[in-house]
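Just one chain is shown here, as structure tokens, and it is the form predicted on its own.
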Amino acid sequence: MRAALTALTDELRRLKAIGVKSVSVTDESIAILRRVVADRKSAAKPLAPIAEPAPSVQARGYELPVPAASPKPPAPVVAPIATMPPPPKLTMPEGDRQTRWNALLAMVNGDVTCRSRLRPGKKVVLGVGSLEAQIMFVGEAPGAEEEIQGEPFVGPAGQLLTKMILGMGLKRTEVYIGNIMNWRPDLPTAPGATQIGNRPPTEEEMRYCLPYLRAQIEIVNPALIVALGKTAAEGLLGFGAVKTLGEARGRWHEFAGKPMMVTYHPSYILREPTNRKKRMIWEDLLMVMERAALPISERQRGYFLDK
């Protein structure tokens, strides 16, 4: 009997799906169904409740409820982000820039909290580039390629950033590139599996790593900073300070006593590489070039203008 009811239910659902609103049912079939219901009640096995009113099948004055579809399984529970300890208090040694940077690298590599966030075989990430750079670019966090190589902006977005720097008339080795975060923010992943995708770091995570970024700014002492993307801008200016990136970009802010330009992250172009988007970022970089007293040709001024 259970198999027959299952078959009937499946057929009614199929008919409903193709737009059939009523079917003909004989008195004999109605009587059989009523006996089944009565038997189940007497055995204290009530039919499963219907979650919401369902359309009915009409036949000779009787109405049979069409069983509702099975409820959807609950959404998977995402593991909560672990609570962070207070940010580290760094004491930088005396010495030249390279000596101090080497000491900072040793500190971040030996940071128990940073290392505890790494997946097996991955690396803590510190900045890279000239320690005498005028311009310092700051992103939010390492991605898949970055945690493998231990260097910021080496994936597709990093390759595009390198092209943008070349467009400014500079080499990647002539600027300094860093991130607020020193590790890749984790996502729940099956044991032994590779993490797919990235998530923005939390405010607490970025607050923990900020002392390392401030130390890099102190060592390099750039003339100005470029914040790449809304998350990086919020991490530097404070959560809630950046309502939309469109409002924050194209004007000067300040961080750690340095003038700071906010612009879009290179991945903004990768998602939709239109001249309009490229031009918006380029206009911000032209302001950076002017502030840094870099030469700007007429050709550079005309990059990505719609024709």
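Quick note: we count residues from 1 along the sequence shown, nothing fancier. Note that the structure is predicted; figures quoted are calculated from it, not measured.
A second form of this protein, the form predicted in complex with uracil (URA), is not displayed here; the remarks below concern that form.
Within 4.5 Å, heavy atoms only, which of Pro222, Gly235, Pro142, Gly127 is in contact with uracil (URA) in the predicted bound form?
Only one option qualifies, and that one is Pro142.
Residue (of Tyr212, Phe153, Trp183, Tyr176) lying close to uracil (URA) in the predicted bound form, criterion heavy atoms within 4.5 Å
Looking at the other structure, the residue within range turns out to be Phe153.
Check Lys278 for me: does it contact uracil (URA) in the predicted bound form (non-hydrogen atoms, 4.5 angstroms)?
No, Lys278 sits far enough from uracil (URA) in the predicted bound form that none of its heavy atoms falls within 4.5 Å.
Would Arg249 count as touching uracil (URA) in the predicted bound form under a 4.5 Å heavy atom rule?
Contact check for Arg249: no, nothing within 4.5 Å of uracil (URA) in the predicted bound form.
Counting only heavy atoms and a 4.5 Å cutoff, which of 84 to 92, 108 to 116, 145 to 153, 185 to 193 contacts uracil (URA) in the predicted bound form?
Careful reading of the contacts points to 145 to 153.
Using the arrangement in the predicted bound form, list in sequence order the residues of 258 to 287 with any heavy atom within 4.5 angstroms of uracil (URA).
The stretch 258 to 287, when checked against uracil (URA) in the predicted bound form, contributes only His265 at the 4.5 Å heavy-atom cut-off.
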